[in-house]
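Let's start with one chain on its own, the form predicted on its own, as structure tokens.
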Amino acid sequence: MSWGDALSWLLRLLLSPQVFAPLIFPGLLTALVVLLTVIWAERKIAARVQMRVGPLYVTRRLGGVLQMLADGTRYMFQEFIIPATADRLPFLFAPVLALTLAIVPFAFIPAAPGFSPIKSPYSLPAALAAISAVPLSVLLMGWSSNNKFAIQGAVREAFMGLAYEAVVFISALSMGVLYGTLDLEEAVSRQWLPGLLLNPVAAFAFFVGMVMSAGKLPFDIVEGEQEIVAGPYVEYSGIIFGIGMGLAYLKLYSLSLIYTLLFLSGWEPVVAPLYSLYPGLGGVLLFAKAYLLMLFIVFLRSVYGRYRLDQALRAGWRIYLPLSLISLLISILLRVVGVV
């Protein structure tokens, strides 16, 4: 095989949906850019609301947009310390497992019409199942740290997981019933109106469950910086601590993509010139909608105080779980009368 043939084969492999989608868009590379820019935007938005400047010193002329890159570089070169009292093997294994589970959902999320890394009629429950497995690794991180703050944070993660996962799954299932499919790509094609308008109760319940799942304010109870000093991640240092803090944003990104596909018509209307250039680029509107949704969620940090654990659990079980069940009934009713 000549160099030209090898290069051509490598390019075809890179541009195939099975590689391009999980690794580049909407997968790992795009997720990294989103993580860096959304955290910067979160800091800037909070600073503006509180009449501060926010990140400034790194790339001052660009508003400090590369501050997170500088922070990430600092994490990379920090010493990674394993506490003497920690259970060594699970302490090292848990962050790797967490990062892997956070990336897996991108294998089931389609980037554009006909551009799915793994085409499955059950892509919706598969993506949600992978996301809901992340808390298991967080529990392992807290338990293996052998620290009272870490264990307390892990127990909070377990309580919150039980409260919000049911809400997210039932809300998503209600849209699956409405569209008559559990395939995310098919769900987009069957939205003659955005799902947000067809079943607003499901959209609201899923949105709240998504914020709770990602642990963003007002539900950042697991980390509880002022109470349990980062909870499950308190004994981690260096780049592993950075991975732990980035997990919430990876979950938020994947859930925002699923929300956009279910409730905001996904990539519609497709930008035809980009799609004809390369099908993967047809998902540019999917990315734009999901990114704006993430900016709105991080904006909430500036205007809401944190819930106590009991308040969040009470709201999850007494308000949002019944709302998700109501959304399921609404979808069944709409399906019976033939709205979709």
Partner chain sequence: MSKPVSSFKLHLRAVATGLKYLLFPNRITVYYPEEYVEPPEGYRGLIRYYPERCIQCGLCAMICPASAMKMYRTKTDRKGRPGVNYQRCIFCGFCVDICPQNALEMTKVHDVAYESLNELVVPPERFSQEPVSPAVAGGARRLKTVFDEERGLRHELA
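Owing to the predicted nature of the structure, the values given are computational and were not obtained by experimental measurement. Positions refer to the first chain, counted from 1.
Another form, the form predicted together with its partner chain, is not on view; read the next lines as being about it.
For the chain shown alone, I319 is a contact residue for its partner chain in the predicted complex, at least one non-hydrogen atom being within 4.5 angstroms.
For R61, no non-hydrogen atom is located within 4.5 Å of its partner chain in the predicted complex, even though that partner is not displayed. Contact check for Y75: no non-hydrogen atom falls within 4.5 Å of its partner chain in the predicted complex. Mapping the unseen interface onto this chain, Y278 falls outside it, with no heavy atom inside 4.5 Å of its partner chain in the predicted complex. Checking L69, L292, L300, L29 for any heavy atom within 4.5 Å of its partner chain in the predicted complex turns up a single hit: L300.
In plain terms, the part of the chain that comes close to its partner chain in the predicted complex, with a heavy atom within 4.5 Å, is 301-309 out of 301-309, 31-39, 267-275, 281-289. Proximity to its partner chain in the predicted complex holds for all of R48, M51 and Y57, with the criterion being a heavy atom within 4.5 Å.
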